Structure formats: structure tokens, C-alpha cells
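Below you will find one chain, with nothing else, as C-alpha cells; this is the form predicted on its own, and questions on how it binds or moves follow later.
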């Protein structure tokens, strides 16, 4: 649905985006992550056609954004972090204006406006000037204009910024529903939001794509976490028969309670290994306090990717993560 190849953007001598490539299929909700200044906002602006790339290609549902910008933008909904809404307009007037900008007219325009105001729950504020709205309501108006026309690609920059928990749940449910028929790119600093909504995460670092990972794969690592009374030497000896365990790292020792991180081969079966290690520990007469597969969270991965020393290339970042 969306194809990005070798996307590059320069500001003078500064390379804000450096040779970024990725593909996103219909129905995916993809989190675009990175520190401030990493290049993610520039990428979103290029995807929307707001700024041009110095190099590379963007194709939205078969339309090349450089060759057929209007066709590509007809399939696009965009919510920037700071939406340029007009404070003197009422919500109804603004949505009417946004609809016409998207080429909606007549009954189709009316139907679409009714749909988006219901979806974002802004009916009570329809006749209110935008200047009188709270931050949360302004954000919902921004989401409403972004989804006008049922776009096939929806780009949302901090969509729940300023919303209370109830409103946040409303917008999250709306995004999930939209993804049934569209592709969604979500940029946010809230890792829990990415975990709650996204199938996949793209991490941008220094203008490059540092990591592209499925979240289901992320949460399943090739390590086991073991807590036992065995000291490091005794555990090393005990685990020698298990060739699929390739490393033992001591995490902490508190009295007789020792915590370890066991590395397993990629072809190893974590569940079977949990059982085998547990049997060996118990059979040795030692105490087994806990054993389980390590689950890495997105926040930890994001931190590890961004702690790679400056100058490391994209491949090194991926290998380290």
C-alpha cells in the first residue's frame, strides 16, 4: 500500500533523513518512533507531500507522490502535531472547509461530516468557535479532519496528545476500526500507545531507519530468566549438557538468591528448555525460585537502539538490538 525507497532530505549540509526505505501493507498500524530531531517529522511531511525529498521515491496505493501528487493526497489523511486550525471558525464550518479542500461535495460531503463528528464524539461542540475548545476537543477536531474521505493512508502525529483517559480510549478504538480498511502510521512518544495499537515499529535514529520490527517478535527474546540458589560456577557445570544454551550471565545476587540470564540458540525451544533447566536445578538439590522466557518491552528496545555509539551504521544498530 505504501512504498518508500531511499528517501533522503537535506537542509543545507544537514541530512535530516538519510536513505530510508520501508513498505507498509494495507491494514497495518505502524509506530514511527525516534527522539526529537531524529527525522520522523520530516519523513511524515514528505509522505504527505508537504515537503519534497531530495532523493528517493514514495508510492501511495500505486500513485507516485512526485509524479501524481494530487492523486496520492486524495488517499491520504494527515494529523500534524500542531494542526493549523482556524480559531475564528466553528467546528462545523472548519469541517465543511476541510471537506471541500479534499474534493468532497454535495451529499457525500454531508455524509462524511456526519460520520467523522460521530466517530470523534464532537457533536456537542459542532457550533462552537474552535477558539473556545479545550485542547482535547481541538485534538479531536484534528482527527476528524484527518479521517474525512475515508483515506487509505492515515498519518497521525501524537493523536492522543492532550486527551483524558476516556478520550484516549475513544481515539484508540477509532484508529483500530480505521485500520480495517486503511494503513495507519502513528508517531508518538508514548510507548504504551504503540504497544496498545501497533503491529510494527520503525525506529528512526540520526535520520536513518535503525530498526524495523514486528511487535510480536519483539516481545519474544532468545533468553531465559532463571532465579535459583545455585552460584555461577555450579550453574555453569550443571548446564553443560544443554548445548542449546550458549551463555550464562549473572544478573544479581542477594544472599542465596541468584538471578541469571541464559542465552539460547535461535533454533532452541524456549518452553522445552525451561522444563529441562528446571529439572536439572531441582534434581541437583538446589532451590528453583523462578524460570521464564525473557520478554523485552518496546521502551527497553528503544533505549538500547539509541544508546549505540555515534557513528555506528544501521546494520550495527540492528544487530545490537
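Remember, predicted model here, so these are calculated numbers, not experimental data. Residue numbers count along the first chain shown, from 1.
There is also a form predicted in complex with a small molecule; it is not shown, and the following applies to it.
Exactly one listed residue, out of 195, 93, 81, 150, brings a non-hydrogen atom to within 4.5 Å of the small molecule in the model of the complex: 81. None of 285, 275, 62, 37 but one reaches within 4.5 angstroms of the small molecule in the model of the complex through a heavy atom, and that residue is 37. Looking at residue 16, you'd find a heavy atom of it within 4.5 angstroms of the small molecule in the model of the complex.
In the model of the complex, the small molecule sits within 4.5 Å of a heavy atom of residue 189. The small molecule is not drawn, but in the model of the complex it has a heavy atom within 4.5 Å of residue 158.
Mapping the unseen interface onto this chain, residue 48 falls outside it, with no heavy atom inside 4.5 Å of the small molecule in the model of the complex. Listed stretches are 286-294, 22-30, 260-268, 39-47; the contact stretch with the small molecule in the model of the complex is 39-47, by a heavy atom cutoff of 4.5 Å.
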